[in-house]
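For reference, the chain that follows is the form predicted alone, supplied as C-alpha cells.
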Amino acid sequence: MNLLNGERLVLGTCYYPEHWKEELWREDLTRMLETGIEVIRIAEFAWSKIEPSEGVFTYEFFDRFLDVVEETEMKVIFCTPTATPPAWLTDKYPEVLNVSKEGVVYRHGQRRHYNYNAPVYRELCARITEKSAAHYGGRKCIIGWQIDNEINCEKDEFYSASDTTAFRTFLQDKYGTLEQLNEAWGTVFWNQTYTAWEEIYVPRPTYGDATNPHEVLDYMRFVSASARGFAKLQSDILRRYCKPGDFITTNGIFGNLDNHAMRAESLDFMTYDSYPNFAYVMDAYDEADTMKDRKWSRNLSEVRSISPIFGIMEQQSGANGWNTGMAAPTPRPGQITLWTMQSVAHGADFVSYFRWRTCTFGTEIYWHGILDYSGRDNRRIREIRQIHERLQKMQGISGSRYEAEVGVLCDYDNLWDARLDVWHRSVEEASKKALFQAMQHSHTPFDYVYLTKDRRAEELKKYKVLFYPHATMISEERAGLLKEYVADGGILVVGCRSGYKDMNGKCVMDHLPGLLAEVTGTDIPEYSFIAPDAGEVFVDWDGIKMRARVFADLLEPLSQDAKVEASYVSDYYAGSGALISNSYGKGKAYYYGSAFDEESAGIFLQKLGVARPYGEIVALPEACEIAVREKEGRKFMFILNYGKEAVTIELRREMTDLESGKRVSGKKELTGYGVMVLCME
C-alpha cells in the first residue's frame, strides 16, 4: 500500500499494543476498521519489547501482535524505537544522555533524553534498527517506517561531551584551519582567539550568558547536521529491508533542524503532528489572539514547503494534557472534523489520529485519544466515522496540490539567526505573524518557499509576489536567485534589516542593503529601532497611512529606475523614504523600511493585486479560511469556519458540494466549526 499514492485519502491512528491486554487487540483493530481507520503507527517507544537487555533480542511480542493485524488486514507503520533508550542502556552508558548548557545531565524517566553523537548510542541505534527491519520488514502488513519520534522535540540543544567532540570535527570539516575559523567567528573580539581545536567546546554558560553569535550560529548548524545524520543512519539501514512501495518518514517539525535537507537525504515524505488544541491550553490561553487554532494553518504551510503532499502522523482527537502541568479541553463537537479538514486542505492525504485509546498510566494519562479510559463508544469516535464517510466522497482530492500566487521566502540561516539575535528576532516575529494574519483575513492563500541550496529561479516563477520579510543574511547565490526572479517579471517585497550580514553572521561594511541594493534600487544611510517615546510612527503611501513597526530604515533611491513610493510622516524620520520601488528587468522590487503589521501587510497585498484571488467566486467573513487544491485542471475549494457561531457565505459561481453531490450557489449558512468542500469545475 503506497500511502501517498495520489489515489486515496486515508485515515489512521496511533496504537500501543504494549499498553493493553492482548485480548483487546483484535477488538480494537476490528473497531478501527469499522470506524474507517486503515493504518496504525506502532512501536516508537518500545525498544525493551525487542531488546529487553543488551544484545538479547526477542521478537515474540510484536510477532503475536502483527499476526492479529494480518488476520484483520490492518496496515502498519513500524517505528524505530530510538526516541526512548531503555534503562539498561542509559545506566550502562551514561554518556548517551543529553546534558543542559549548565552541565546538568537529563536522566532516564522522560523521553528524548539522549544525544545524537555518543558513538555507542549510534552503534546501538543502528543495531536495533537493523534487527527490527530484518525481522519485521518482510511482513505484508507493514507498509512503511517512521524514524524515531519528533526529532529535536522537547530539546533542540545538546551539550554533552560527545557533542563537543563532534562539534570540533564539524568545524574542522567546515573550516579546515583554526585561522579560518577565527576569522569567521571574529574571535579577535574580547580575546577569544583559539590556538588548538581542543580549546573549542559547544557553547557554555558565560557571565550574563553573552555569546559569540557566529559560534552559536555554527552550533545551530551543527545540531541540525547531527540530527540529520542520526536520521540518515537509520534510513540507510531501513532502505535495505523495504519492500517495493514501502516508505520512510518521520514526524515533526521542530527547531534547529533543516527539515528540507533531512527529507531530501532520508525520507520519502514528511509527516506532521497537528495539535490545534494547544491554542486552548488553560494557563496560556490568549483571548486577544484572533488566530487561535487557525494558527496551525501556518504550521501546515511549513510542512507543505517540505512535502507538497504530506501526512499527519498525529492529529488532535482528544484533550491535551500531561500530569506535569499542561491541560487543554476536549475538542468541541465539530472541531475534530474542522482540524482534520484543515490538514487535508493544506496538502495532507493521510491523517492519523493520536491516539486510539487514552492511556491509564504514565505521564500522558491526560492526553486523550479517540476513546476514553473505558473504551466505550463516544462522541469523538462517532465524529471520526462521519469524517471517514465524508472523505469517501472526496477521494478525487488525493494527489492534488495547494494553489497559491503569493509566497513568503524563508531560509534556515535567517531562521536560526533570528533565534539568537534579538535585533533580528524582534522584526522577524512581528512580520511573520502579520503576513500570516493579513493573508488569512483577506483569504489570500500563500506558500512558504525555502531558499534551499538546490532552489532554482524557475521554481519561483509560479508566484506573482514573493515576500522576503527580513533577509538579514544574504549570499551572492541567493541575491542572484532574487535578481533572476525579478528580472523575469516577478514582484519581490523585502522588509527592513535586510542585507546587513554575511553568511557567518558578521555585519557587512557595504552600503546597506548590501547585496540587495542592486535589485531593490535602495540605499540606507540611516536606521534605528523606533524609540519607545516616539509614539506611533506612520508611513504615507499615496494617501494611505500605515503604521511603521519596530524598526525604521530611512531610505533613498539608488538609481533612476528607483522611486520613493512612501515616506515617514512621524518623529525625526518625517520626510525620509519608507518604501522604494525599483524596476528591474521585466519585474519590480520593493524595499519597505519597517516591519509589517497586519494592516500594512494587507495594504501591500491589495496594492500589488494579489489579495482575495477567489473574490469573484466566493465572499466570506474573516472567521473563515479558504484553501484550494488543484489536480489536472480540477480545483477543490475548502471553506473552514473557525468560529463557534454559524456564518453566511456567498457562492458567486455554481459549484459542486462534494458532501451532498449537489450543484450549489448563492448564500449558504456554514455552521460553527463547519467545513464546505467544493469542486470548482
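A residue's number is simply how far along the shown sequence it sits, counting from 1. Keep in mind that what you see is a predicted model, and the values were worked out from it rather than measured.
There is also a form predicted together with a further copy of the same chain; it is not shown, and the following applies to it.
Across the options 539-547, 402-410, 362-370, 383-391, residues that bring heavy atoms within 4.5 Å of a further copy of the same chain in the predicted bound form belong to 362-370. The candidate site formed by 110, 320 and 530 is fully in contact with a further copy of the same chain in the predicted bound form, as each residue has a non-hydrogen atom within 4.5 angstroms of it. Site annotation in the predicted bound form: the residue of 328, 595, 601, 147 reaching within 4.5 Å of a further copy of the same chain with a heavy atom is 328. For the options 455, 511, 131, 464, the one in contact with a further copy of the same chain in the predicted bound form, meaning a heavy atom within 4.5 Å, is 511. Using a 4.5 angstroms limit between non-hydrogen atoms, residue 501 touches a further copy of the same chain in the predicted bound form. Though the partner is left out of this view, residue 175 does not reach within 4.5 Å of a further copy of the same chain in the predicted bound form, counting heavy atoms only. Proximity of residue 49 to a further copy of the same chain in the predicted bound form: non-hydrogen atoms within 4.5 Å are present. At the 4.5 Å threshold, heavy atoms of residue 668 stay clear of a further copy of the same chain in the predicted bound form, well away from it. Using a 4.5 Å cut-off on any heavy atom, the residues of 408-422 that reach a further copy of the same chain in the predicted bound form are, in sequence order, 420, 421, 422.
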